[in-house]
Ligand SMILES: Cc1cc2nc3c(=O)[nH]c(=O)nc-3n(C[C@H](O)[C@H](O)[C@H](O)COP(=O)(O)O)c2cc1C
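One chain is shown next in structure tokens, namely the form predicted on its own.
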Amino acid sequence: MSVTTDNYRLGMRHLPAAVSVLATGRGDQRAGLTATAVMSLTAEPPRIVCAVNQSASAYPALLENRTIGVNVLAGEQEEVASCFAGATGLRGAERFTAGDWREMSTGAPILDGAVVNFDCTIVDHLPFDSHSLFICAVQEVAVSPDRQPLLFVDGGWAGLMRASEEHLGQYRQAVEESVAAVTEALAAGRSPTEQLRRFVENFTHVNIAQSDVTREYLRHEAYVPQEAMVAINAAKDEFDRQLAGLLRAGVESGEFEVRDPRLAGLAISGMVSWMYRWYSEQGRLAPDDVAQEMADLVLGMVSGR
């Protein structure tokens, strides 16, 4: 069966790729575009290949200048990626208002804050149907090892980070504090209703305190060695088990009306993790007030009386 253009494009949408801005020229003659088709060709001598659509506005400038800055974007540079992809309507040198730019040895535009910059001369280009392959000799390289790359997959920007011990520690602490929230509630409350209220209040405080960590993990996809996740996953399982047990006890006592305690526990923890932001974004409620509002909301959902 022959592959259609639509099928091919659908398949390529699911191939994650690093995002680069290819830039050339100087001053008012600068031009650039966002690209994902950049690859290594040889290490000896250092060569990379960039595939560029011949209809791209920067294509003639690349042919003329024969120099190119290949700037591999960091996760926080989505605005630069969108600008050079044409999403803002800016063209030519106007696009360089996004980001801070400098030069290296060839004079091609180099983006500050990128994961890596390859300063290159174009030694050849090979036309193939709608695109051309630019063969680039790397003259200079600048690397920012503390930055994480921006990815493009399934039509949108994504992130990737290698989980450091610091990141793992923060994530582990957030999970352990979540377990402590339900454990403390079970020990402190006399009835399932009191225990659930105490849990929601505790868990809301945990989420407010850990909001920066949560936001960082939502911006990126953390790739972690499986062995490093064993203890964290065990803590998550314990959290789910205790919360489901609390809800099950409330059903048995007639205080709660819940069809599936485990599923309800997942729904409650997920809702609290997100909904507390709605209460706090107005800027009028203190954390204790937010926790009380969340507890009232949850109890109103599961109450059997």
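Numbers for residues come from their place in the sequence shown, where the first is 1. Predicted model only: the values in this text are computed from it and were never measured.
The protein also exists as the form predicted together with this ligand; that form is not presented, and the subsequent description refers to it.
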So this ligand isn't shown here. In the model of the complex, which residue out of I268, A61, A244, V52 has a non-hydrogen atom within 4.5 Å of it? V52
In the model of the complex, does A35 come within 4.5 Å of this ligand, counting heavy atoms only? yes
Touches this ligand in the model of the complex: Q29 (any heavy atom, 4.5 Å): no
In the model of the complex, does F152 come within 4.5 Å of this ligand, counting heavy atoms only? yes
I'd like to check something about F84: if you look in the model of the complex, is any of its heavy atoms closer than or equal to 4.5 Å to a heavy atom of this ligand? yes
Using a 4.5 Å heavy atom cut-off, which of 90-98, 113-121, 195-203, 180-188 contacts this ligand in the model of the complex? 90-98
Residues of stretch 96-132 in contact with this ligand in the model of the complex (4.5 Å, non-hydrogen atom): H131
